[in-house]
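Form predicted alone, single chain, as structure tokens, below.
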Amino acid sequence: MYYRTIVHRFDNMSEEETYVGRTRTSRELYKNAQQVLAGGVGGSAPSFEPYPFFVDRAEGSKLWDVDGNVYCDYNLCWGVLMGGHCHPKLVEGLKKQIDRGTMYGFVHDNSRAAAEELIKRFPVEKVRFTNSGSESTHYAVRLARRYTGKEKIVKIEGGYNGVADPLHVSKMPDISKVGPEERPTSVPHGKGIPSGVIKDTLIAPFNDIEAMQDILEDNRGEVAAVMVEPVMMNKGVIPPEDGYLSELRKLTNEQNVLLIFDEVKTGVKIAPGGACDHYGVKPDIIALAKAIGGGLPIGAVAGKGEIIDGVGPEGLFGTYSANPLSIEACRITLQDILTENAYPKLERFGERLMAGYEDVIEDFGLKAVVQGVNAVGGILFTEHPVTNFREWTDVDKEKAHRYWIAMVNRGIIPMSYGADEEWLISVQHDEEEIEEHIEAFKEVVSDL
């Protein structure tokens, strides 16, 4: 296999030295980029040590970097590309749309067609399109406050729900500042977030319905909504415990509080209708993005008609929202690529990859756990299953770095960089690639 020849060339070198030896052009490009780009990156991808490799092109399940290295991609742009890179149906449809126009500044009927596809999959009545997940969650909070007339919101500790001020709180809080486990302190994610915004963002632990009940009871009549990622996917993959989401739905109903599902990372990935479909729970508002657009920038906020209709009177529009290219990409992705028939294979591959990792972990006695839901999963270097943010802080981040670099040296991007993300399997991956991924993990595990 291709990756083996690369590894053998650098047998006497450390994995990081091997990485540097394979990516010399990327190193130079990164030095140049740092002169004009904040952090040396354009904004859609984080930097990492020793430096990021630069991509030249992508197709199917593969990426090629500027040094000619080939990678089987399981990062897939943080879950955007469940259809894989440059899916032929998507490329063909977008070429036709470019000939018809990229922007109109007026309405077009494809928006209705794309919205209908989402309504078929999710328990919602109306949709408003946005440009990103951050816009979708921002709209969701604004709509909840508008509809209820209340200002406070509750979000989950360690959850990433976009960069709007009220949601950029306790995303990755310093563990020394988080307060009691059952009543976490609201910690701003960096400077620039007003204190009043922080005060109105309450923080709850994931998978703890009793703590949520106490928080809502102590703030009765003041909370507009609870926002939750039904599966946390920015701390590896942390699924909800049995009954947690249904109990959360019951509790918010009792407290007259709206329930917002942030399905930016779960929507159309863990099931055709996302977490709502997989767990059988109906929230009041759903925020969507990433995989619904097949690789083009798009998001959506959807839910009960009487709530979503509020975006009209309040003028929540965006110049690029529902632009013809993104909408066509959404329609094609949902109608022609991520069809009902696509999911059994994705789930089978996901289960095989997780099982393969678990076998290797057991065989080598590695201190690690594998967690995931269907086509989405990941490895966490810790001894016990992770059910919330504070347990995730025990994950060995240094070991996660060594694992990632070693896998990349073998031509596998196993997941996005770091211990806080996950892998995804696309419709363009095949069975042989899943087995190659597992074999590569077998090669690196002895050094972990």
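The structure displayed is predicted, hence computed values, not measured ones. Residue numbers run from 1 along the displayed sequence.
One more form of this protein exists, namely the form predicted in complex with a small molecule; it is left out here, but the text below deals with it.
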item: Segment that reaches the small molecule in the predicted complex - one of 323 to 331, 101 to 109, 157 to 165, 88 to 96, heavy atoms within 4.5 Å; value: 157 to 165
item: Interface membership of residue 235, the small molecule in the predicted complex, 4.5 Å heavy atom rule; value: no
item: Partner contact for residue 229 in the predicted complex: the small molecule, 4.5 angstroms, heavy atom; value: yes
item: Heavy atom of residue 300 within 4.5 Å of the small molecule in the predicted complex; value: no
item: 4.5 Å heavy atom contact, residue 378 to the small molecule in the predicted complex; value: no
item: Sole residue of 335, 134, 148, 255 within 4.5 Å of the small molecule in the predicted complex, by heavy atom; value: 134
item: Contact residue in the predicted complex, chosen from 114, 270, 264, 82 - any heavy atom within 4.5 Å of the small molecule; value: 264
